[in-house]
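Quick heads-up: it's one chain on its own, the form predicted alone, in C-alpha cells.
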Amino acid sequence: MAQESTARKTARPAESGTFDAVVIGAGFAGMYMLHRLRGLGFTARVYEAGGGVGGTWYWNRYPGARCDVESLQYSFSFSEELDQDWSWSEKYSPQPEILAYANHVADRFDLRGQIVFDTRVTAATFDEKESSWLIETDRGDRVTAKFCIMAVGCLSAPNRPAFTGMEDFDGPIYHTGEWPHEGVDFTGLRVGVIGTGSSAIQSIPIIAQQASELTVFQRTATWSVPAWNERLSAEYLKEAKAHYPELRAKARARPTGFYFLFNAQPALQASEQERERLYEEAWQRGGLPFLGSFGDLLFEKAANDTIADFAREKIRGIVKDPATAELLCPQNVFGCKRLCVDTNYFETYNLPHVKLVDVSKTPIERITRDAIVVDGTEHKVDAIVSATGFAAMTGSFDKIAVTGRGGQTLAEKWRAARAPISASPRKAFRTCS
C-alpha cells in the first residue's frame, strides 16, 4: 500500500508552549482558521500531517483528480483582492492547480510561520482545572491551548478494506486518497480498480488510456453527470471577475454555499415534455446543478423517479453493451448519495480492454499473487487501485485520542450515536443503498 507521504520527515526538536488556539489540519479550513485567528489577535499553532498545505488536494493526486464545483466558486471568499489576483485555467480545476492555489494563499497571507508540517496530532486532553487543552503529537510536541480546533476534514481518513490475501499480491496496491506524489505509470499493465465512487469515476478514464487491461469491481453504481469541462478564456475571466462580489453574495444566500440556476417549480406539476426539455438543458450544462432542475426532487419520491429515469436512459444511450449499461444504472435515489461529475466515465466502458465486474451479490473473495478472485473467477491484474473512499466525517477524529471532561473520550461520547437505529414502521423517503 502506498505510504502516507513520500517525503522523509526532517528532524526537529519537540516543542512545548502555550497558545490561544491549536488548529489541527492545514487544508482550506485550517488555513482560513489561522488567518482569522491572527486577524483577531490570537496566538495560534497549526499541526499538519502532510508535508504542505492543501489538505485533500495535498493527498489526493490520483489521475484525473479535480474539483466538482466550478473553480470560480471553489475558492476562498474572504478577500476580494485574492479573487482578482488569481485566475483559474479551467471550469473545473485539476488537483495540481488547486494545490498551487492553496500554496499561493499560504504565501500571500504569510501563513507558513505558524504551521508545523509532517506532524500528526495523536492526543488532545482537556484539563478541567486549567480549562485548557493539552495537545500531543507523534513528534513529541506537548503544547497547551485554550481552544483546540479540528480542521481535520470529513474525507481524509482512507478506508482500506482488508481483503483476504492482500499481503500475497506481488504488485503495487494504491489508495486514491494516498497517491504517490511522483505519480504512477500504468502503461502496459493489467489494472484492477476496486470501487466506483468519485475518485474512481475521475481516475478510470485516465487509467484506461494507459492500461493494457482495466477491470473495474463495482459494488454500488453511482450517479454521475457530465462536467463538460473547458478552458476559461481571458474574456470570460474578465467578465466573471467584474461581477465576483455579486456571485459571492448569491452563493452565501444558498444552502449549498455555491450558486447555480435553481428551478423551484415542482417536477410533478410539469408535463412530461416540459420535464424532459428542462432535464436535457440541465444535462447539457452539466455538473452538480443538474439536481436543481426542479424544486421537489429531494422531497418527493415520485418527482425523484423522473430525474432518475432520465439519467438511466442517458447511461443506456452511452454504454453500448446492455448488460454493462444496466449494471451502471443506479437503483437508489438520485442525489441521496453524493452526485458525481465526470468526463467520459460511461464512455470508457465501450473500450474493448475495459470490463466491469459486479461484486454486489458475490463480493471479492480474496486477492492472490496476481489476481482478484470473485465468485471463483480469477481476474488477472498487475496493479490494484483501491478507490474505496474514506471513513467519512468521523474517521479523522478516530485517529486522535480526544478526552474531555471527567476523562470521557470522544469515542465513548459518540458510541450511543453510532448504535443501530431501529427501523420505523412508517414509510419514509429513505431508499438509499
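All of these numbers come straight from a predicted model, not from anything done at the bench. When you see a residue number, it is the position in the sequence shown, counting from 1.
Below, we refer to the form predicted together with a small molecule, which is not included among the displayed structures.
Asker: Please tell me whether any heavy atom belonging to I24 falls inside 4.5 Å of a heavy atom of the small molecule, as the geometry stands in the predicted complex.
Answerer: Contact check for I24: yes, within 4.5 Å of the small molecule in the predicted complex.
Asker: So, A151 and the small molecule: in the predicted complex, are they within 4.5 Å at any heavy atom pair?
Answerer: Looking in the predicted complex, residue contacts with the small molecule include A151, since a heavy atom lies within 4.5 Å.
Asker: With the partner left out of view, is I364 within 4.5 angstroms of the small molecule in the predicted complex by any non-hydrogen atom?
Answerer: No - in the predicted complex, heavy atoms of I364 and the small molecule never come within 4.5 Å of each other.
Asker: So in the predicted complex, does L155 come within 4.5 Å of the small molecule, heavy atom to heavy atom?
Answerer: The answer is yes: L155 has a heavy atom within 4.5 Å of the small molecule.
Asker: Tell me the stretch among 404-412, 34-42, 368-376, 61-69 that has any heavy atom within 4.5 angstroms of the small molecule in the predicted complex.
Answerer: Answer to the contact question: 61-69.
Asker: Which listed residue (F169, W88, Y259, Y74) meets the criterion of a heavy atom within 4.5 Å of the small molecule in the predicted complex?
Answerer: Exactly one listed residue reaches within 4.5 Å, namely Y74.
Asker: Which listed residue (R190, R160, R338, R312) meets the criterion of a heavy atom within 4.5 Å of the small molecule in the predicted complex?
Answerer: Answer to the contact question: R338.
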